[in-house]
Structures are given as structure tokens and as C-alpha cells.
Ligand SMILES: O=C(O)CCC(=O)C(=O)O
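Read the single chain below, which is given as C-alpha cells and is the form predicted alone.
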């Protein structure tokens, strides 16, 4: 069986043409790739995970005080069994927190990108949380440079389209599963909404990606590798040259089901006013444009948040 490859991003500087070709091939095939050699310090990743675990261990009423109703969970806390994968009957078995981009409050995007909330009970939540946000944002920009080159765009094509992106760092807690035969899974099969998602710490089992052959392929990482996958907005912008692939988090069929699982994805979004029309470089006789209507990334986001029952 084919496997999602792991590629060392340092080769972007030392062996660019081959790296871009291999990365592009991985994304065309799977919509997923694992990225190593990224240089994000282990201390930052471990410190962030420790901080997030301490937050999720707080009493439920304390966590609920950080819920902001009516915002689609854009900032702060979202409790268990709220988010539901599109077309799924059952809500996901997870609680999570959202950290967003810090922007000037006089920005034209201020209305749709609210200020962050920080839990006062966990002293180092803000430095670790925002430190990891910025590190993954910078890594995501590097991946986008290679993705741009692969489809004959300028290397810096995405820079001014993501520099004020409505991106989200989402620490997630999947609780231990204590009942037999529950219908819910930790995260139902879904595609991500955004440009690309960077998942740090995917060493625990459970993540699976749907291959072109219709089989579920488990993904776990080794060493410092981070899983990076394509979201629906980039799929639309690239006219499906880069596919957004269904993935899920299944409940372990062993003793690990009785353990909590923690996960920290970073959803890299474009700026809210970016228009997601297929790029001319991705339209051809073999791949005619799949979309005849225009939509901005913010309009698209709102549409999708309604579908997954966050707003």
C-alpha cells in the first residue's frame, strides 16, 4: 500500500526543484504530506501541549466561562459534542480552544477577527499558545511557497493573501472512551475548510486519510514530522489540482481508547477578502474550471461553519 511521504523542508533551500516536484506529487496524490526538518523547537511544542492539557483538566464550569456564544467558537472554548462533521448524524467526541491572529483593532478585518481570550488560570497559556501559532504560521508560509512553484506561480504568490489570514490554532482534547459501541467517533470524516492545515504531534494513532482507491490509510508521524494537508479553499483556488482529502480520527480498537488524546492543528486561512476563483494556471482542456460563481474566503468560511453546526 502507498504511504503518505515524509519530506525534509530543508531541501527547499538545498535541492529545490526535486523537493518541489516530490511535494507537488504527494499533494496531487494524497492531499497530505508529512514535513520534517522544520526547525520548530521541541521545547515549544512540548510546552504548548503541557499547557493545553492543564487547561483541559480544569473544572467544566471554569472552561465554560471562556465560551463565547454566537461567534462560532472563533475564540475561546468550545465544549464536547458541539462540532458535527458535515452530513454526520453524531457530534464529535472532543472539546477545543481557538487562538487566532493578533491584528490591530483598527484593521479592516477587525469585525470578523476578534481579539484573543486567554485563560487566567494557566499562566503560560498565552506565550506558548501564541508562540506555536506564529511558528506554524511561518512554516505554513514556507510550504505554500513550494506549492506555488509547483503550479507555475511566483514563489511569493500567497504572501499578500495570507499575511492577515483568519488562521486558527486549535488545541483539542479527545476524552477517554469509557463506553462500548458508541456511535460517535472522535472526529467524523471531513475535509478542512482552509488553505492548508498543519498538525503538530500526530504521533498518537487514530488519524486516517481516504485514498483515491477508497481505502482508509492510517497516518502517524515519527521524529519531528508535522502532517500538512490541503483544505477546501486551496482546492477551489487551484481548481482541484491540489485535492482536499477526507480524513477522520477513529476510536482506537485497543487500550488506547481508554486514554485521552490531544491534538493541535493549525488551520492556515487566507485573508478574509481573498476571492477563491480558480487560478488561470490551474485551468486546462483536461481540467476545465469547476466553478462559475465567485466567493470570498470569509463568505465561504461562514457557509461552512453553518454546515458543521458551529454557528
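Residue numbers count along the first chain shown, from 1. Bear in mind that the values here come from a model prediction, so they are computed numbers and not experimental data.
Beyond the structure shown, there is the form predicted together with the named molecule, which is absent from this document and is the topic of what follows.
Interface residue among 274, 48, 35, 249, judged by heavy atoms within 4.5 Å of the named molecule in the predicted bound form: 249.
170 is the sole member of 240, 161, 145, 170 with a non-hydrogen atom within 4.5 Å of the named molecule in the predicted bound form.
Residues placing heavy atoms within 4.5 Å of the named molecule in the predicted bound form fall in a single listed stretch, namely 263-271, out of 263-271, 35-43, 281-289, 64-72. In the predicted bound form, the named molecule sits within 4.5 Å of a heavy atom of residue 207. Among heavy atoms of residue 190, some come within 4.5 Å of the named molecule in the predicted bound form. Not displayed here, the named molecule is approached by residue 174 to within 4.5 Å at the level of heavy atoms in the predicted bound form. Shown alone here, residue 199 lies within 4.5 Å of the named molecule in the predicted bound form, counting heavy atoms only.
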